[in-house]
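A lone chain, given as structure tokens: the form predicted on its own.
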């Protein structure tokens, strides 16, 4: 029997899995052949050009629970997850040779490094089918061609909201999978041991607790809890800039980032909430934020590697300045500005930071410390448990004035931000050490 590899990337779920659904059955019948589910780890020793690990401890810890949850779901269906620690391209090529597979199916990710991996596999003679499946809308639903996509978010949102098109319903979980390969030695299961989850109880996303684990099951339970409440979603717009606690925002971003939850599943839950509790400013603003996520993805489809140039989308922008010592102080929460330092300490201790604080600390690095925004983007990639390649790059370009923001950059006055969002100093006190 021929073998196929399903390469999990940022889609660590069996629920609403278009590519895997198509691969696992046709007209209700299992496709002939064998299927090997695979996940490829980033080398924990891999360093960024800025001199720190590309994937930090918090990201690795949450990923571990997401992969354990995925493997448990696969086992219920008679399959297993193979985790590969070798460099992705070399590891997949060697695996295909070992089990006699010529075809790889995976999620399509429109970012340069992720595209380069697929290109290298194809150059090696492998058949790679990549599926675009991380957005609310299919390309055919958009009211414009991708190359005519509005660069500015507001124009993108208004164009979508003026149409009658809505996201399609999420697919049910995959229930049946072809058997694992029988040829070649395949040792499935965990290859990177779980790290002790001695998390910080001050965290706004305490991933060391079972209810905040990275699995689809935990994500679904959290999503239901949030949207079943008659208080949380309706007040989202007024609380979303909070700094302390687990309920000031939806906290769905870690599961969305890993793909343990799909955006369409979250949208479906939002619609059900509005049916039960009515529409509100808060529920609309959750939709508003889902569309920001959507916009960054389609921007990558339109602009691709251009978004990763030093000057971003600005033709006349100079190469960013950079002060390595100032950058190091920023990473360690030693800038001397109490509000900024509190945010950076929270990030280092927990792997999480509110959206408001992300904007404040990013602005401080770029506009006050005059450092390269790409270094900040790399630090966020290393640290954030909800790191998302699309949103991370899009937001840093937005702050640095090298993206699509019509105002040409956003400077957040750190003193004003502290006075407004931490008037009583509780946040600064909480993260003073």
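On a predicted model such as this, the values are computed, not experimentally measured, just so you know. Positions refer to the first chain, counted from 1.
Omitted here: the form predicted together with a small molecule. The next part is about that form.
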Interface segment, criterion being heavy atoms within 4.5 Å of the small molecule in the predicted complex, picked from 310-318, 284-292, 267-275, 130-138: 284-292
Site test, 256, 386 and 396 vs the small molecule in the predicted complex, non-hydrogen atom cutoff 4.5 Å: yes
Candidate from 337, 103, 237, 358 lying within 4.5 Å of the small molecule in the predicted complex - any heavy atom: 358
Contact residue in the predicted complex, from 65, 382, 391, 404 (heavy atom within 4.5 Å of the small molecule): 391
Contact test in the predicted complex: residue 354 vs the small molecule, heavy atoms, 4.5 Å: yes
Residue 362 within 4.5 Å of the small molecule in the predicted complex, heavy atoms: yes
Interface membership of residue 344, the small molecule in the predicted complex, 4.5 Å heavy atom rule: no
4.5 angstroms heavy atom contact with the small molecule in the predicted complex for residue 110: no
